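Next up: a single chain in structure tokens, the form predicted alone.
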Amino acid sequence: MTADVCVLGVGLIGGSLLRVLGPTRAFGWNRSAPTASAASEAGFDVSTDLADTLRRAARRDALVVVGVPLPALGAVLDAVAEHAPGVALTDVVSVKGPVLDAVRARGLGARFVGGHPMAGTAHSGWGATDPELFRGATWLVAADDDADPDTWSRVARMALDSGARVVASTSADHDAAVARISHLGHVLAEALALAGGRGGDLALALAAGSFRDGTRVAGTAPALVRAICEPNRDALVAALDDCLADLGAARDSLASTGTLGPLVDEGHRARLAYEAARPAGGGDAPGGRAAVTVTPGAPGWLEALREAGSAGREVRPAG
């Protein structure tokens, strides 16, 4: 296990991380006093004094995990720069490029490695936290050019300790990928929910599994959806353009020939490819593709991480 972890923001993701690491290993901060109190009543060391929490993290060389929404990121990073500029630093924000830019702008890049656990629910806040949230999930640990080897190892081991499997890529590649498999899904869920609602009470009474599953993330608070999706604008626009082209072609084919064209067959094949790419037991990929072990800091380590990531391979730090 890695050393102390300091979690800044104990909502769904940060709070679940606090729970899985446990009160002997992790402590934290939250801006909201009721949330901090709820976490404290549950046995966790959570303060509302950000400066004091950061100074404590610096004294203990804790890995600081920024778990606040992107709109609050700048103020928190300003506090890190003032009170604990030398700490090992990571985050759990759903978009990586803007976080990396904000970190570098404040001179905090030397010990920063971005992260993103691909886990969550439609709910938020301390009350939604779950120590099993990351079990079996994929946790992106960024492999950007200036990634610190020691911090990368600490973030990866924290993710593994949380039950996740680790995948690596650059921040830019991550953002392009999640636009298609996460952020676009939020937009389509909202559109599907709206289409169903326009069908009136009868449509909603007849709605069953496909509508329920397809609209699940539309239950997420709108402010959170905006905070997740809108900072990844360019990549999401590109994904939307592709999706709209596919839907437009299917619509035109249905109107002119009575068929949905190639969309159904191609979508079915894509779903089967997704199912085949899921990890097998023990965290290894299907077909006997074991996790790639990398020694952070060794020659070519970043290239090895990126190569594994582009192939969807799990990675682990050596030792």
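A residue's number is simply how far along the shown sequence it sits, counting from 1. Because the structure is predicted, anything quoted here is derived from the model rather than measured. Superpose the two forms; the largest set of C-alphas matching within 1.5 Å is the rigid core.
A second form of this protein, the form predicted together with another copy of the chain, is not displayed here; the remarks below concern that form.
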**Asked** Using a 4.5 Å heavy atom cut-off, are M118, R180 and C243 all in contact with another copy of the chain in the model of the complex?
**Response** yes
_in the model of the complex, is there a heavy atom of another copy of the chain that lies within 4.5 Å of any heavy atom of L254, even though the partner is absent here?_
yes
- Would S124 show up as a contact with another copy of the chain in the model of the complex if we use heavy atoms at 4.5 Å? no
>> Using a 4.5 angstroms cut-off on non-hydrogen atoms, would R135 count as touching another copy of the chain in the model of the complex?
In response: no
Exercise: T295 in contact with another copy of the chain in the model of the complex, heavy atom 4.5 Å: no
Picking from D161, E190, D130, D148, the single residue whose non-hydrogen atoms come within 4.5 angstroms of another copy of the chain in the model of the complex is E190
The one option of A33, A51, V264, A290 with any heavy atom within 4.5 Å of another copy of the chain in the model of the complex is V264
Of 81 to 89, 172 to 180, 105 to 113, 152 to 160, the segment with heavy atoms within 4.5 Å of another copy of the chain in the model of the complex is residues 172 to 180
Restricting to 188 to 203, the residues within 4.5 Å of another copy of the chain in the model of the complex through any heavy atom are L188, E190, A191, L192, A193, L194, A195, G196, G197, R198, G199, D201, L202, A203
After a core superposition, would you say T48 shifts its C-alpha by at least 2 Å between this form and the one not shown?
no
L272: with the rigid core matched between this form and the one not shown, does its Cα shift 2 Å or more? no
Requested in this report: Please say whether, between this form and the one not shown, the C-alpha of S253 moves by 2 Å or more once the core is aligned.
Outcome: yes
